[in-house]
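Only one chain is shown below, in structure tokens, and it's the form predicted alone.
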């Protein structure tokens, strides 16, 4: 387990404790089902990003890039 993961868990725990102690609405769902939904959405996003990043870009020639030039303006 990396130290960044541990720091993230501790920071989340501290934010949750602080919100509960000070009576501030928590910036996350307060029930386990809602928290599980957030974890599932994050996992799906990371999984899709992993598989989509492995595929070659098929429409790269339509992108303007940093200069903003498209294929039509280059000719």
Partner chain sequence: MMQLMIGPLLALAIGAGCRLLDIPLPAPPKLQGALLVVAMTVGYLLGDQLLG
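Residue numbers count along the first chain shown, from 1. Because the structure is a prediction, the values reported are computed rather than measured.
Not pictured, yet referred to below: the form predicted in complex with the partner chain.
_Partner contact for residue 54 in the predicted bound form: the partner chain, 4.5 angstroms, heavy atom_ = Taking the distances in the predicted bound form, the answer for residue 54 is no, it never comes within 4.5 Å of the partner chain.
Contact test in the predicted bound form: residue 17 vs the partner chain, heavy atoms, 4.5 Å
The answer is yes: residue 17 has a heavy atom within 4.5 Å of the partner chain.
Quiz item: Within a 4.5 Å heavy atom cut-off, is residue 9 in contact with the partner chain in the predicted bound form?
Solution: Residue-level check for residue 9: yes, a contact with the partner chain.
* **the partner chain contact in the predicted bound form: residue 13, any heavy atom under 4.5 Å** => Residue 13: yes, in contact with the partner chain in the predicted bound form.
Handout entry: Residues of 27 to 42 having any heavy atom within 4.5 Å of the partner chain in the predicted bound form, listed in sequence order
Key = Stretch hits, in order: 27, 28, 29, 30, 31, 32, 33, 35, 37, 38, 39, 40, 41, 42.
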